[in-house]
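Single chain ahead, written as structure tokens, the form predicted alone.
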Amino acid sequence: MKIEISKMLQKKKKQIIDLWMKNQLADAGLREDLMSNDELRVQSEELVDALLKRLNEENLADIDSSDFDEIYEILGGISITRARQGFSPRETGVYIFSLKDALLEILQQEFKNDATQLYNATIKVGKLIDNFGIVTFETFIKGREEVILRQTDEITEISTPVIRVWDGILALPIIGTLDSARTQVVMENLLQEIVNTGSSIAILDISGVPAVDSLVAQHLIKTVSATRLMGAECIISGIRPEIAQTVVHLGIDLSNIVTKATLASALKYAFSILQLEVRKKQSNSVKI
């Protein structure tokens, strides 16, 4: 007598969940620091419930059936959440493929005396869960990419602070490589702060830039030009000896840009432009 796979699995729901949880808890890489066992069970029960409710003999052999749309939605949510929580691809893979192991174990128990039906059922269920695994990985990768992009944007914002060092004087220390995308952020932040503060002098400090090539130099020149268009003078500080040699060797023309070796020198030059003078206060103490 041929047994319907979907109906048999629906009757074995509790056993499937128990086996699946057993497989997950037995994994050496289980991350209890990111998700409690109770949360893991709730998540697993939700997926099994949704799967068994929609599973039938027709869609079991059709991995593209619209009946599984809710399953894909649940898997997508799980993958995105795990990517944001810090789970690894392996840990996420173990989650879905340990379900496959549980289902195959149930099939072996049920069809142990019918090799043909066991083979057919194993192929169908295995193919279906493998497809779920592919969808899970694809969504997980997208989630990790979103996390990485968000972190990159946050790091870029943090690494390009515009500092108001004096009335009318801004300083922007640049740390790390200056590429096209970062140059855009630098210019936007600097120009916006010039508008907000009404500053007339901006200092670009490149002490933290590891190396200057022709591309980095072009980015700096663009930033200086944009600053001048806003009516502010731009000074580049942090010109180390090795950077100066590289600029000369590459034939880069920075003759129309004020450059200084240190931020202190650039600030002193800015004071002279604004006709400011900073003096050390003399002690008024009387010696006896």
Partner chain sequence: MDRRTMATMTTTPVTVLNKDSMLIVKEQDVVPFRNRVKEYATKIGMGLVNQTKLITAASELVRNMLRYGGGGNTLIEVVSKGRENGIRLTFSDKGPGIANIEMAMKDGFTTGKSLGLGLPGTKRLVSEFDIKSKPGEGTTVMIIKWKNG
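The model shown is predicted, which means the values in this text are computed figures rather than measured ones. Positions refer to the first chain, counted from 1.
Same protein, other form: the form predicted in complex with its partner chain, not shown, and the subject of what follows.
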Select from the listed residues D130, E154, E146, D213 the one whose heavy atoms reach within 4.5 Å of its partner chain in the predicted complex. E146
Answer key, its partner chain contact in the predicted complex at 4.5 Å (heavy atoms) among D114, D179, D167, E188: the residue is E188
Among 259-267, 238-246, 34-42, 60-68, which stretch sits within 4.5 Å of its partner chain in the predicted complex, heavy atoms only? 60-68
Given that its partner chain is not shown alongside this chain, does Q108 nevertheless sit within 4.5 Å of it in the predicted complex, heavy atom to heavy atom? no
is_contact(V125, its partner chain) in the predicted complex, heavy atom dist at most 4.5 Å: no
In the predicted complex, R84 touching its partner chain (heavy atom, 4.5 Å): no
Heavy atom of F97 within 4.5 Å of its partner chain in the predicted complex: no
Taking its partner chain as it sits in the predicted complex, which residues of 120-141 have a non-hydrogen atom within 4.5 Å of it? Please list them. N131, V135, E138
